[in-house]
Each structure stands twice: as C-alpha cells, then as structure tokens.
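As a starting point, one isolated chain is supplied in structure tokens, in the form predicted alone.
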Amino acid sequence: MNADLKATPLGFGFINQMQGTQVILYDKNYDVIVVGAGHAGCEAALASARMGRSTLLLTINLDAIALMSCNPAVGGLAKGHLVKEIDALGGEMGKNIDATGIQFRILNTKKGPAVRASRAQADKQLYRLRMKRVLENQDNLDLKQGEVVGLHLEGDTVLGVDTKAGVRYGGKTVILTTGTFMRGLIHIGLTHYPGGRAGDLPSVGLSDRLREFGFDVGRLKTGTPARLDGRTIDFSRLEPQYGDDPPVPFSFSTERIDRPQVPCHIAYTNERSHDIIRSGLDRSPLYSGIIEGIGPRYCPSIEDKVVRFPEKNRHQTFIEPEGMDTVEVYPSGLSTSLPIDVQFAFYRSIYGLERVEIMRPAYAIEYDYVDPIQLHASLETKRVRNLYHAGQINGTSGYEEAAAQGLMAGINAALRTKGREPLVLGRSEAYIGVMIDDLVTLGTREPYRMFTSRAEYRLLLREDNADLRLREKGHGVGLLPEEEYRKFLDKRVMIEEELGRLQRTRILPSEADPAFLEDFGLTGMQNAVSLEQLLRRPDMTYTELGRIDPLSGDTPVLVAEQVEIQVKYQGYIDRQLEQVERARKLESARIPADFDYGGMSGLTAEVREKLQKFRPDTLGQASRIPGVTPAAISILSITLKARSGR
C-alpha cells in the first residue's frame, strides 16, 4: 500500500501514503513501543527496558506521567495485593509510593492474613515527578511526546505506530495503555466536552482504527470528586484518621518509611445533602440519558448512592490531602457529574465544609475500551500479532489493576522479542493471574475492579508471601536486580530454617516456666511439645513464645510473621494446595488457536457459540466461561486428546 521509502534532509525517511499525505519514518526501530504513560504504561516501559529491550514510551503529555487523575492513593483491599505482587516481580509502583507516601495503613488487621491489605496516601505531585525521573534515567528507554492515531500493520502483524504529527515509529511489538483518553468525553451537568481527563486533550482516531481491524470497542464511564480548598474546611469539626506508627512499606526492598506523615479526616453527608442532590437529578448527565457508558458498580457517584440507597441518611467520605505542599484535598467517595451550582451547594451542606471552596469541579468521563476477551492470557491481542493491551483499555478501573497489567504486557512483549515463551501467572499463583484470567476468559461490560473474593485460592495469595510466590519469576525474566534477589534468598532460607527449628525444639513440662504454663492452660501437660505445636495454638504468638525460647524473641519480624502464618494455617493451606493440584491438568491443557468447535459432536449450539466467541487458550479457561458445562469440558478434553494422539 505504501510507496518506496525516500530520504529526507534529516536522514529520516518518508512514505507517500495512498491518501497523498506524507508520513515521516523515524530513523530508529524499537523492540517495544508503549503508548500512554499512565500507571500501566510506566510499568510496561520500565519492564521492557530493564529486560534489555530498546523501548519507546509515547504519551500525549510528558508532564502528566503517572498522574493520579483520581484518588491520590495506592493500595486498598485486594489492590494492595496487586502492588505487592508488582513489587515482587520487579515493578516500580511499590517503591514509588514508599518514597512519596504521606500516610500508610494496614486494613483489616482484625481479620485473617488473606484479606489484610496495605494502603497509602500519596503526595500526588511527588509521586508523578519521581516516576518521571525513574523513567528518564532508565537505560534502553526513550520518552517522546506525541499522540498515536493509528497502527502500522502488515497482514495481521503490527510493525509500529503513527502519530498525529505525521511520524511513524517502527517497533517489533506495541503495547496500548490508553487509559481514559480514547474518545474521552467529560461531563459536568449538561455540559460536555472532549478530554482525556480534566485539562488534557483526548486521543481521537485510535479506537476507530481498532474497530477497522475488527476489535469489539465499547464505552465505559468513570468519575472523580471535586478538589477542595483545605483552607476553607473546619477540620476541628471532623474526625481525624491517623496512619500506622511506624508506617509499613509496600516494597519488599524498602527498609523503613522516613517521610513525615499526615492525617486524613472523616466527614458525612446528611439528609440536606441528599435533598440537594435529588434536586439536581434533572440536570444530571447520568440520569438524563446523556452518558452512554457503563459506570463502576463498586465505586458509584454520590448521586447514584443517594438514588440506589434511599434508606441511608448519610454517606461517609474521607477528606484526603493531595500533598504536603498544596492546600487541595480530595473528598473520597463523593464523585459526581452534577452541575457546578449543585456541586457547590452539595459540598457546602456537609458538616465542617459549610464555607468550602471548589478548586477543581467534579466530573464524569466516558471513554472507549476494547473487550478483553479478544486477548490471550499474555495480553497479546488475538486479532493482531505482537499487539498488547493493558489497563483501562481492557475495561479495568484503578491504578493498581492498570499497573499490574502494564507490567505483564511489558514482560511479555520483551519476551516475544527475545523469542521466549510468555509469562502467564495462574489463578493459584497471583491476584494478577486472577484478574487477567477473569478479563480474557469472561470479558467485561463494566469497569472491572479487583476484590479478594474473586480469588478462590486467596489463602495462598496473601500480601505477606508475594515475594515467596513471585520473586523467582521476576528474577527468571531478568527484572529483579541481583542484590534484591540475594536478600530474598537469604530471607527464604531463614524462614525454612526457623520452621525446621520450631519442629525440632521440644519443651519439657518440668523445664518450662510455671507462669507460662498457667497463662496458657498447660499446667497439666505430661509430655514434651514442640515449639511448632505451641505456636499453632490460636492464643500463641512469637512474642509469647519468646518467654520460654530466647531464639524466638530474636527472630526478625518479617521471618516470624511468615513462619507464624504458615504454622497456624498449615491445614487450610494444604487443602488449597490439593485443590490447585486437581485444577492444574485443566490449566495446562492447551486448545489450538484454530480449533474448529463447529465440527464437534456432542456439544449444544449454545456451548459451541460461546467457545467460538471466547476462543479460550486452555481447558481451564473454557471451564470458567458461563454456560460451558462440565459435560462439555469432558467432551472437549476427550476430543483434544484424540487429536493429539495421546
């Protein structure tokens, strides 16, 4: 389709397109091109470059790298698990929040270890600036500002991207991490205008090209609260919420958090607030039919909460600082797309916020996404070879979900250029594996958010053991620095040795402290017990064990935590490992990409239609498609074995 390449005075080249326009061919070809520099794009670009691949990161605005366009926070329930896994594999998000966080908390501390989660408030500008600095100083990585409007394909293989400025960048692989920018449309009341987020231009043209390539492109919606002037809030009338002291880091490589910490504050809406919201619903784009996209079910706007839960007389909000050097605060949970006059009245109806000033109005945003069932588990698209999607383009919401996908896409694009097999994490190995499997197996018609309840093996997938689960894999693909890997190996050896010591060391009743025996109801004990047996008791901790065993008192905290969890939950862990083993055969049974479901006998028309649409990569994926019965999986399994001659 293109004419011959011709020279330009700059040593580049240009191609005469059929439409008569000239496209300048950049004089450097990359292994990996990443489009977009949000949280997915940053992790993708860093992963590829750190694996030794020449990488280009293209973004509409270089000053908005890793910008937290919504809540300036990282982690939370299940999301904290994702950040720990990103860090364990060699990603950057955990280190970045540790270096820029201003409040750290462990959530669900009164519950079991499987659902405990880390969360940290970030200094919004410091977070962005540090990530930009890390990217700028990364070897093998070029950063350029430009809007990508098209993909350069030959047949069904991507070979580069075209920008609005008329430059074509060649690449062996391309990763799209477009966030909310594809045909982004911002709504404030009945007013709407194009934007990738407030203050940024949208990306126009790329989603149209994807449609032309046969991708199923849909429409989603998300929103954000107003940013308020903290000087106009009476914090003395609000409830302060302090972080943990000392703060616990996200990254397994961070020894301690040295930054000053600040409190958040809790406030509540009231009946007057809800009356004001109801009075503005006739001018709400959400309820007047203007917004077409489907919003996040688990993070609804305040008007959605008021309409859906009329029996509730108040809703909680956390007033969270956006940084140490700004007066802007973020009212979490109060996102809205109501008109600006209603916003002023609503926010000022909250106790303590009667004189509050809005610095940036709340808004909703609609954007295009691509149905993720069109992806392999490696995040490579099924329609276009060497093209990968990560982040909100796949229908997810949240920085953490995006960053995790970006990391995996970056790893797998780099592995593709090395001629190696992709890294695919299973549902029993990581929350990242659960999320990606959910997306590529089931697709999504609403913004996808990670929850601990989505993981059937969540006792195995704890925050505390993310390094034990994933450090080896990060090192295996070349992402984990040797120094960090050696520290991990030392920790693992210490855990194994301590577990062995507890099993071997036995306490005789005659030699034990009588006060200790009385405190734990052991005064009638006749036989010796091991330290492991004592630690297995629900009321026993390492601190208590140190009363009769000095070595337990000297055990490093992180080692003691891991050993204690493994000892106390060993029976449950073994049971889940048995479940994993039973499921492994299905997960490893691959289905050829060109498999003809239409010619299979014994399947209903509905099952054939679903398998043809979803095109699962494995029997495990096929078994999780709604409507595909166990009987159908058995038939499919027998057919695959027969065709392979086994």
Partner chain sequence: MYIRDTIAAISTPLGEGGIGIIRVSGDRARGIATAIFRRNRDGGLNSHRFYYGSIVDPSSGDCADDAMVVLMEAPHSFTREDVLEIQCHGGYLVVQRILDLVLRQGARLADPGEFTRRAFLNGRIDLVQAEAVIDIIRCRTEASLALAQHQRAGLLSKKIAAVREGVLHALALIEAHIDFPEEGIPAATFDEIRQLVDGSVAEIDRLLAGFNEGRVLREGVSVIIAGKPNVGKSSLLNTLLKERRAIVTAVPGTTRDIIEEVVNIKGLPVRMLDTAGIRATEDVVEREGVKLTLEKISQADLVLFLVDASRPFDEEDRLILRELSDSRYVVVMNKGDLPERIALPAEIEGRPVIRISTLTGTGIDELRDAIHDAFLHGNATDSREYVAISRARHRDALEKAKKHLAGFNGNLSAGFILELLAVDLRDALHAVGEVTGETTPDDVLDLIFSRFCIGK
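Only a predicted model underlies this, so the values are computations on that prediction, with no experimental measurement involved. Positions refer to the first chain, counted from 1.
What follows is about the form predicted in complex with the partner chain, which we do not show.
Taken together, Lys28, Asp208 and Lys418 are entirely out of contact with the partner chain in the predicted bound form: none brings a heavy atom within 4.5 Å. Stretch 314-322 is the answer when you ask which of 486-494, 252-260, 182-190, 314-322 has residues with heavy atoms within 4.5 Å of the partner chain in the predicted bound form. Interface membership of Leu577, defined by any non-hydrogen atom within 4.5 Å of the partner chain in the predicted bound form, is ruled out. Interface membership of Phe215, defined by any non-hydrogen atom within 4.5 Å of the partner chain in the predicted bound form, is ruled out. When the partner chain is considered in the predicted bound form, Lys473 lies well away from it, no heavy atom lying within 4.5 Å. Residue contact check for Ser332: one or more of its heavy atoms lie within 4.5 Å of the partner chain in the predicted bound form. Checked against the partner chain in the predicted bound form, the residues Tyr572, Tyr351, Phe235, Phe344 give one hit for a heavy atom within 4.5 Å, which is Tyr572. Only one of the listed residues (Gly243, Pro422, Pro300, Pro361) places a non-hydrogen atom within 4.5 angstroms of the partner chain in the predicted bound form, and that residue is Pro300. Contacts to the partner chain in the predicted bound form (heavy atom within 4.5 Å) from stretch 109-126: Lys111, Gly112, Pro113, Ala114, Val115, Arg119.
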